[in-house]
Each structure stands twice: as structure tokens, then as C-alpha cells.
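What follows is a single chain, given as C-alpha cells, in the form predicted on its own.
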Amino acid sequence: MLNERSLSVAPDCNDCPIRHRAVCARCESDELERLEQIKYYRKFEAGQSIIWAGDRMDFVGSVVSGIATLSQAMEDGRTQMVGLLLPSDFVGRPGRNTAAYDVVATTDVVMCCFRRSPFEDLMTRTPHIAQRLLEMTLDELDAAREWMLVLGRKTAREKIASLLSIIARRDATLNKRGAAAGPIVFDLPLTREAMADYLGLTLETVSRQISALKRDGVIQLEGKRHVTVPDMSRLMDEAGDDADGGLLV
């Protein structure tokens, strides 16, 4: 069963914060009008399930705001977080009737959804949509390969810095700010426990490394989740990524 809460006011496409990164990024005005006919918005509260693995998925869509997790359950009941969905990321797979992963909102999430069958039909008639979805899929593949490097080769400090840099750089991109524009401020969407699960670390190690990054001035922390990155290049150095992209594509 899909939990949802309707939006009283739907965002206008021209003012959409993900307009130039989402699946509709390359669409012309007439193509946007076609998408408009099959789209609707859903809002999910933090902790609420968006879809469970194995459920019939009658929609696809983009995260407009907020962050969700992708998780997969094992036969013995253990679960593993396998990905994060950040603003502009695409949920669902055209051509697949059921969800492959559990998708859960970690913050309040707004999604721009499209009915799956009409969206699949529109893809065949609108090359700009199919092309953009292919680009996003290849970007996701590249990011998954990079994440294998994070999990397999990086130190605990580099893993924490990598995750922080992914979230910080996505925030900067969506707000059209570069690293040179000043500090980047964001709320960490994951608990320490979730970060430990995602990064393959213990809770104690995560807490210790975050404290070390704070002590060394790489990040500033108010409470447990409000993060300021004074110098993005320094955080990326800590992550072991280069200055022109690293993990975020």
C-alpha cells in the first residue's frame, strides 16, 4: 500500500528547484505540457514508506525536495541501505511493474510523479525524455561504481567526508552555488546509525570521525545534523576526490 498525502498547492514547473536536473530537463514547452497531463504531486512525512520492495509500482517520478533511502532486505531479515535519493533523483524504472527496493523518506519528501504506463508511452514519442533518463541512468551507474571505491578502499574519515561532500555538492548545485561562493549549509538527512549502516562502519566510528572533522575545522556542526562546510575544497580533499566532480555526477 502506498502511503501519501496530497499537496494543496502544486509547484509550478517554471519555479521547480529541480527543473534543470530532473528527467524533464531537456523538454521544450510543448513536451512539458504533455508531461503536465500525466503528473501529480505527493508528499511523504519523514519515516514514511514511499514504496515497499515487491509492491506494484504504478508511478515513476522525481524527488523535488527532501531525501529518501533505498534499502534491500535479506532472507534472514537483515536489511542494507543501498542508496540515497536526493532532489532530482528518479524513482522507479519504466518497464518494471514492481519496486525493486524499499524506499523510505528520511526527511519530509515531495515527489513529482507520473503515471507509469502513460509515461512509458510518452518516452517513445519524446526523445528528450528518453535521452535525459538514459543520461541519469548512466550517471547513477558511474556513482555506484565510485561508491564501490568508497566502501572498499577509503578510510573511515574519507568515507564520512565523501558522504558529506555528496550531500553538500548536490545542495550547491540545486541552489546554483559553487564552492567559491561561500560556505554551504545543509541539514544532514541521516542519523548516525543510518550513516554507519550505509558506510559499513560502527556507530562509534561514525561519531568519532564526525567529531574529528569538526575539531579540525573541516565542518561546523550545530546540534547533530545542521552542518556548515566553510571550504568545500578542503572537504573534498578529505574525501580523496578531485575538485571537479568526484562522486557526484
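Numbers follow the displayed sequence, beginning with 1. Everything quoted here is computed from the prediction, not taken from an experiment.
Omitted here: the form predicted in complex with another copy of the chain. The next part is about that form.
**Q** Flag this candidate site as yes only if Arg96, Gln131 and Thr137 all have a heavy atom within 4.5 Å of another copy of the chain in the model of the complex; otherwise mark no.
**A** Answer is yes for this spot.
**Q** Among the candidate stretches 182-190, 197-205, 212-220, 45-53, which one is within 4.5 Å of another copy of the chain in the model of the complex when only heavy atoms are counted?
**A** The contacting stretch is 197-205.
**Q** Would Ser117 count as a contact of another copy of the chain in the model of the complex, using a 4.5 angstroms cut-off between non-hydrogen atoms?
**A** Because no heavy atom of Ser117 falls inside 4.5 Å of another copy of the chain in the model of the complex, the answer is no.
**Q** Hey, in the model of the complex, does Asp108 get a heavy atom within 4.5 angstroms of another copy of the chain?
**A** Judged by the heavy-atom cut-off of 4.5 Å, Asp108 is well away from another copy of the chain in the model of the complex.
**Q** So, Met81 and another copy of the chain: in the model of the complex, are they within 4.5 Å at any heavy atom pair?
**A** Output for Met81 is yes: heavy atoms within 4.5 Å of another copy of the chain.
**Q** Is Cys113 close to another copy of the chain in the model of the complex, meaning a heavy atom pair under 4.5 Å apart or at it?
**A** Cys113 lies outside the contact set for another copy of the chain.
**Q** For the stretch 140-157, which residues lie within 4.5 Å of another copy of the chain in the model of the complex by non-hydrogen atom distance?
**A** Glu140, Leu141, Asp142, Ala144, Arg145, Glu146, Trp147, Met148, Leu149, Leu151, Gly152, Arg153, Lys154, Thr155 sit within 4.5 Å of the partner.
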